[in-house]
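As a starting point, one isolated chain is supplied in structure tokens, in the form predicted alone.
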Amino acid sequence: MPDVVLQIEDLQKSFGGLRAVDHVSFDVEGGQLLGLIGPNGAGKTTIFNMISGIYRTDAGRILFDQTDITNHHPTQIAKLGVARTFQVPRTFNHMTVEENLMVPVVRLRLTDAEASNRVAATLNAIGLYDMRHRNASELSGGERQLLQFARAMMTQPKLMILDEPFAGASPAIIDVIIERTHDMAKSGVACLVISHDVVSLPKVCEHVIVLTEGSVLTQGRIEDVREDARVIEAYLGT
């Protein structure tokens, strides 16, 4: 059995009187591709922000690789091997594509040759090598999605969390992200994915957790979950 990489235990988070995450628990194993889905406001991105240290939890625990990372600083969590992307791509637009990928190298303590080789290999893997000298500001929205994905790949994480990785991306870019995500999973990297793309998500994840109003509604194989009357009601109403 694969080792459990991420354990979410009774996680809770409120904003004023709104309970955004309500007693959520689940595990992610090494090499697993797990989707986190639900209607807008279900708490998906809030959970991602707590895992990555952007939000503090109100209660519950987050264990990564058997280490309690609850309410740790984002930098500490990243150093342990957690990488993430954002729905709206966060790239350094005044820097080149190549320079964007060099940013994580600072903490990886690679030699100049090692860093250069890893950047080149990563850019080749995602198809952006020919754009390496262009500023990120010159890229399309989909290309910036690909760039932040590649920057996360540079850290060689144990857990990759992807928030709407297909938003604004062309079919060709979506295919690249899917292929590289599967490559990571085959090497043992756990991947947790939020997506509203009902066409692309099943190509990444066989299993999903469905959230609604901050709580886990159900979980299981995508083909079973999407036929669940409770899931249909959560998305479409009665």
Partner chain sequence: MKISSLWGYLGAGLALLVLLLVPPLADNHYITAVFVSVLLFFILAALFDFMLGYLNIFNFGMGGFMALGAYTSGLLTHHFGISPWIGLLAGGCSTLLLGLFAGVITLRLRGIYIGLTTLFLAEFVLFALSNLREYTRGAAGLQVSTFPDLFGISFGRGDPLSLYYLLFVICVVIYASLHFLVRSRVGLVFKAIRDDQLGTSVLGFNVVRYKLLNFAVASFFTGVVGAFYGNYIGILVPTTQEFGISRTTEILTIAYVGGRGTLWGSLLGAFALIGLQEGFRVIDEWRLVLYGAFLVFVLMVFPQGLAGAVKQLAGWVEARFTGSAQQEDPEQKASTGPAQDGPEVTPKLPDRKVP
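On a predicted model such as this, the values are computed, not experimentally measured, just so you know. Numbering follows the first chain given and starts at 1.
Keep in mind the form predicted in complex with the partner chain is missing from the figure; the text below concerns it.
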Since only the chain is shown here, I'm wondering whether F92 would be in contact with the partner chain in the predicted bound form (any heavy atom pair within 4.5 Å). yes
Contact of T111 with the partner chain in the predicted bound form (heavy atom, 4.5 Å): yes
Contact label in the predicted bound form: Q32 to the partner chain, heavy atom within 4.5 Å: no
Does D163 reach the partner chain in the predicted bound form if we count a contact as any heavy atom within 4.5 Å? yes
On the criterion of a non-hydrogen atom at 4.5 angstroms or closer, are N40, Q66 and A185 all touching the partner chain in the predicted bound form? no
The unique member of M131, A125, A167, A115 whose heavy atoms fall within 4.5 Å of the partner chain in the predicted bound form: A115
Find the only residue in T45, T212, S200, T57 having a heavy atom within 4.5 Å of the partner chain in the predicted bound form. T45
